[in-house]
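Starting off, we have a lone chain in the form predicted alone, written out as structure tokens.
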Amino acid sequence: MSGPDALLLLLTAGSFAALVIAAKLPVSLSLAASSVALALAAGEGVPIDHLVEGMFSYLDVVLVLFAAMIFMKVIEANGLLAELTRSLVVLLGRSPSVLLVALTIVIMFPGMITGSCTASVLGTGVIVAPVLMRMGLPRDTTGAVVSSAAVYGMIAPPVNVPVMIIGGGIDMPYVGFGLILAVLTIVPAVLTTMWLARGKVERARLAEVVAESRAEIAASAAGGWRRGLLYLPLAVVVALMAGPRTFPGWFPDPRLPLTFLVGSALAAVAGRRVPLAAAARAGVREILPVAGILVGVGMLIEMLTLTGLRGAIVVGALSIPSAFLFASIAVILPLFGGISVYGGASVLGVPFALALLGRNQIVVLAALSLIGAMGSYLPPVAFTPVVAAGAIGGPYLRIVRRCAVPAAAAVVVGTLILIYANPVARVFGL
């Protein structure tokens, strides 16, 4: 990379970090301001047309996030999430390990459909956390379990925003990622929970939780058919998502935004009645910061392209020897993800993916998203532990310390998958 390009890159990264850390501006505004600063420094002025074009680069992803978050708010308000947690406790309460696995996936669920770790923490995390603490888990361990599951839920299928961002940058469709993303997220999430909670569940207290949950179900359910009706919207959403892949050719694909809106409409009249407009406003308000980040990411990528810096980054990445390239990915991507996982995916994920074009790109993008997501634990931002600590209580640094070893292990695993991407792809039939 030439001297002027290196200076521009340093200016962009420095201004972004200063705005987020020192000025404490939202990540979305920091990305937009850094985009304008880059254009000015490169002598392009303020190219409004390019900035507006960049703002709409991820419109399809934003629509998915809005629709998914509305669905989450509706099933939270109608009682489905609480009912699901109680039912799992009653059904699986005899086996603490199996119950922990199920509760981990429940925490992941909102992130899986919204691509937002905040949705997992504030959606199912705050419902599951009291159950975990009543089972005997300390507060900081509970926060670590919720935080870890939320981070993995953010990059789990069907919605993985970092992969969508990188795929958009290299013109690769978001197709064929389901199986490998499921393995790279659900398996480590479950293993992390078991590592954090091993030996901490007290069977006597778990029996009390099961008895309380059984009593709550008996008190809240007027009849079996009403409980079945409560699960109907979730079943319809799963069917609309799986149908086109299971029966291609004759099962129409409604796409994710319409799928979640249909589920929201059904959930609004199942269980407790929910004002759909109020739930929609609440969902959009909660996911708006993530949507703003995607708008800022689109602007930054557009400016990197306009100034030629994107090509210079790619050329520089391609010139790095393989050993140093993998080491750079393992270190730099989580560090940048500590500021913004989405920002790291756009600024670094795209050139790293292009530098690894000789390897299976589905595997590469999945592994890059895994490595980058581990930056969520890094101070001073440590976004997911901070949100989890705020919702559950206690200092966030204790959660960070609990998650440090599993996160480092995930980075190592992701790096090994990058190195052996083609053999891994053959295992998954990609």
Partner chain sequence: MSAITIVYRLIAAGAVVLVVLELFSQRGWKEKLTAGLVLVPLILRALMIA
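Positions refer to the first chain, counted from 1. Here the structure is a predicted model, which is why all the values come from computation and not from measurement.
Same protein, other form: the form predicted together with its partner chain, not shown, and the subject of what follows.
Can you tell me which of 233-241, 278-286, 181-189, 205-213 lies within 4.5 Å of its partner chain in the predicted complex, counting heavy atoms only? Within 4.5 Å of the partner lies stretch 278-286.
Residue (of M108, M299, I155, V347) lying close to its partner chain in the predicted complex, criterion heavy atoms within 4.5 Å: Residue within 4.5 Å of the partner: M299.
Can you pick out, from M172, V201, L88, L261, the residue that has a heavy atom within 4.5 Å of its partner chain in the predicted complex? The residue in contact is L261.
With the partner left out of view, is L25 within 4.5 angstroms of its partner chain in the predicted complex by any non-hydrogen atom? Heavy-atom contact with its partner chain at 4.5 Å: present for L25.
Answer for E44 alone: is it within 4.5 Å of its partner chain in the predicted complex, judged on heavy atom distances? Looking in the predicted complex, residue contacts with its partner chain do not include E44, since no heavy atom lies within 4.5 Å.
May I ask you to check whether A32 falls inside a 4.5 Å heavy atom distance of its partner chain in the predicted complex? Residue-level check for A32: yes, a contact with its partner chain.
So in the predicted complex, does any heavy atom of G79 sit within 4.5 Å of its partner chain? Contact check for G79: no, nothing within 4.5 Å of its partner chain in the predicted complex.
Whether V52, P257 and G292 all lie within 4.5 angstroms of its partner chain in the predicted complex by heavy atom: Every residue of the spot touches its partner chain in the predicted complex.
Within 41-61, which residues have a heavy atom closer than or equal to 4.5 Å from its partner chain in the predicted complex? Heavy-atom contacts within 4.5 Å come from V52, M55, F56, L59, D60.
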